[in-house]
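One chain follows as structure tokens, the form predicted alone.
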Amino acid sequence: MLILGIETSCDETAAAVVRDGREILSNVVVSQIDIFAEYGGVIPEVAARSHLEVVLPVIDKALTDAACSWDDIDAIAVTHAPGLLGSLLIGTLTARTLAVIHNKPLYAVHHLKSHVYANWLCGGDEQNDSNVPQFPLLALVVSGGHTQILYMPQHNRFEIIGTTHDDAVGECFDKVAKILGLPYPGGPSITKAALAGDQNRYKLPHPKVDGLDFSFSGLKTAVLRAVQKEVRVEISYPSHKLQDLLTPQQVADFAASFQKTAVDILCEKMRAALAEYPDVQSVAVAGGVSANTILREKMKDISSVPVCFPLASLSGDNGAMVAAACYYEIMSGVKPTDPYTLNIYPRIPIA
């Protein structure tokens, strides 16, 4: 079964063709990172306009790279929730139109579900059948806008057992990077800066949150206060000016200390989740932050069951993960949606 996946939930315009939920025949991603690096974050109206300009060429290239025509495509999958309203509109309107024109079944896919199913995709020697997640499993979803722990007893069944009360961990990385004067997106910038830093230089707190839930807003504020204290300014001093008072070594040390603390918080909660769900056979980590090398190392140390990660190239938003999630929806008996009535949901839980 060949599925065309379309992803436009935020600032990547992506399309891919995937066979049977595993084999990537093409995967085209046009990123807007260069546009938004200047602003330090995504501007929704600009993101939607950029999607509009490139979405059809991206889809055409995905079909060309896969060496297939519309006659070969069995279904179209598109992200319909959650995400930026304008961005979701561009992707879903395009998919709906193409489904009608080419008479293809259309499937609306939840963005977080797609991130989880990136773990089933093949991409060379890094991932093969031997480390595909086994059920029941725990999924740690860590991205720019989401931080959740999911329990999955089987395909296409999700139970939220932990979520953030405020900022997502990826969002926290972006905000801390901005305080330190590091470029957007914050995850890769902090990881790079941390290589030259001392992760034990600054002691940062672990927010006290009951159960398996998270909170990262306090950690962001703790970094801000620690930087203000380090450069000896009042708490009223503008945060965007702090970078001018920091030495390169201080930036590296703060980046390393923050990264260690954020990863430790994630690992603590996952350790607790594994203890609470002893039937779990594997752990799947998903979302943009899953590319973090420190998180990959520490997650494997805390678990007695196999820990799976998507290929680094598939950690961010892409069309292949949408197609993979769609395939397992179809295998689970999910029916296609009506292209004439499909709606978008900027904020809606996975379960």
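Everything quoted here is computed from the prediction, not taken from an experiment. The first residue of the sequence shown is number 1, and the count goes up from there.
Keep in mind the form predicted in complex with a small molecule is missing from the figure; the text below concerns it.
> Looking at heavy atoms inside 4.5 Å, which stretch does the small molecule contact in the predicted complex, given the options 88 to 96, 246 to 254, 180 to 188, 268 to 276?
Stretch with heavy atoms near the partner: 180 to 188.
> Using a 4.5 Å heavy atom cut-off, state whether G162 contacts the small molecule in the predicted complex.
Result no; G162 lies far from the small molecule in the predicted complex.
> Give a yes/no on whether H80 approaches the small molecule to within 4.5 Å in the predicted complex, heavy atoms considered.
Residue-level check for H80: no, no contact with the small molecule.
> Would V28 count as touching the small molecule in the predicted complex under a 4.5 Å heavy atom rule?
Outside the cut-off, so no.
> Indicate whether V289 is a 4.5 Å heavy atom neighbour of the small molecule in the predicted complex.
Contact with the small molecule, yes.
> So the small molecule isn't shown here. In the predicted complex, which residue out of Y117, F214, Y107, F173 has a non-hydrogen atom within 4.5 Å of it?
Contact with the small molecule in the predicted complex is made by F173 alone.
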